[in-house]
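The chain that follows stands alone, in the form predicted on its own, written as structure tokens.
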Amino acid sequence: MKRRGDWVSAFIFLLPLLFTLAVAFIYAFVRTVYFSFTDYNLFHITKFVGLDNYTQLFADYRFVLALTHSLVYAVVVTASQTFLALLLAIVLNQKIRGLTFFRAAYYVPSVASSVAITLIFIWLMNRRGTVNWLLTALGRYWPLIVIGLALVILVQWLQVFSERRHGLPARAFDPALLGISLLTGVVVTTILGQLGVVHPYPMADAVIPWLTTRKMFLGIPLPLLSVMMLNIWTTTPTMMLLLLAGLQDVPQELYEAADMDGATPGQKLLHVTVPAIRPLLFMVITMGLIGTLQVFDQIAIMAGVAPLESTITLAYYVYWNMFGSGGLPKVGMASAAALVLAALTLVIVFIQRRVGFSEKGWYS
């Protein structure tokens, strides 16, 4: 009797979740499957058309574009954000000054509003925006920048060499010496520029149309590449936080044993760190793949600026068929595309589980 009461209590607590799951997921999924075999448009009586919607999908060049963009987007963004997140996590796992500040600063992009960040990004990537201004400045003043960096390296090396020669344990990147090197490099470079010894490189203003073009870079439309850079910047901190938590749980004894065996930092990373956080890497990569395949909000905001063919992804293709095609809503086409997206996500996650960083993958 007590056991039955426990079951009843548990069911009552789970009832709101089960109701939400039944209505928002199971019922919605069943309706989507049904609509994918019809020509329903929200107004006319549904007509069963069999597999026509799926046939029309692969005959629609926009769907093929959306599928290609989604796959490229998922691979590039997931790989980039995972690599950068691991790199940042390793750096922030060291004992350095101001560690708390840097952890908070790197995490800020993840907690900011996605819509607000995207709107600011559109402003930055304008033809006359900050990004093109910076590219123009780098293009014009690269001779001064190169000379300045060379001076900083030279002065730093001379200072470290002098300190060590006098028996002092100076580090290569000693903050005090580096400050003197930077100040010297800036002052000398400024004087050389004012005296006309080094001249800026003459070039026109950079007016790269990052968002309003169909041009490609390495086979990727520039507007889509811009969204990729934005997504990498905003999602990497979240992945970094997860990997940082995993790195802090790696037993120090493993690193001590590796040091005794004479392992290099690269060998410790590949043979100690990565295997130790393999379950977390699997979760990070899987979350990245699912999130990138279903990217929508940033693409939807960019739609008012960039050409549709340059940014469309599968998730936005579903929305476009429902609300953005200019005619009656194509519920059947949208439903079929949504199911293709769901199937694609499952297949890619399954492949990642079989050959990736999971317990069944090649890296085990």
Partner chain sequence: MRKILLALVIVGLVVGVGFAQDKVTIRLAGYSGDTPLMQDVLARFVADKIPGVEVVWEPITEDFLAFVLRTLSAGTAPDVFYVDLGWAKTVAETGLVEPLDDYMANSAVLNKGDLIPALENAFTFDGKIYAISKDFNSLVIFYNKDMFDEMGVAYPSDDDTWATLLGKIAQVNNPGKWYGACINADAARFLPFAFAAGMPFLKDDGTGPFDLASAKLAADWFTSFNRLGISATSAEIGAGWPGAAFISEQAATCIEGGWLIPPIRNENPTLNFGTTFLPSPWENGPRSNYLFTVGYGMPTSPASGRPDLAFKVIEILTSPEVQNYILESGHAIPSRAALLNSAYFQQKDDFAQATKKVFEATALPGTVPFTFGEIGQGVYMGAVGEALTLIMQGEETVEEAMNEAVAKLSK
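Numbering follows the first chain given and starts at 1. Basically, rigid core = biggest C-alpha set you can superpose within 1.5 Å across the two forms. Everything numeric in this text was worked out from a predicted model, so none of it was measured.
Not pictured, yet referred to below: the form predicted in complex with the partner chain.
The putative spot formed by 251, 278 and 353 is not touched by the partner chain in the predicted complex; no residue has a non-hydrogen atom within 4.5 angstroms of it. This chain is displayed alone, yet in the predicted complex one of 184, 110, 294, 126 has a heavy atom within 4.5 Å of the partner chain; that residue is 126. Between the partner chain and the residues 212, 80, 114, 136, the one pair within 4.5 Å by heavy atoms in the predicted complex involves 212. Note on the interface: of 59-67, 294-302, 22-30, 332-340, the segment with non-hydrogen atoms within 4.5 angstroms of the partner chain in the predicted complex is 59-67. For residue 316, no non-hydrogen atom is located within 4.5 Å of the partner chain in the predicted complex, even though that partner is not displayed. Shown alone here, residue 48 lies farther than 4.5 Å from the partner chain in the predicted complex, counting heavy atoms only.
Residue contact with the partner chain in the predicted complex: residue 39 places no heavy atom within 4.5 Å of it. The partner chain in the predicted complex is approached by residue 309, whose closest heavy atom lies within 4.5 angstroms of it. A displacement of 2 angstroms or greater separates the C-alpha positions of residue 205 between this form and the one not shown, with the rigid core held in common.
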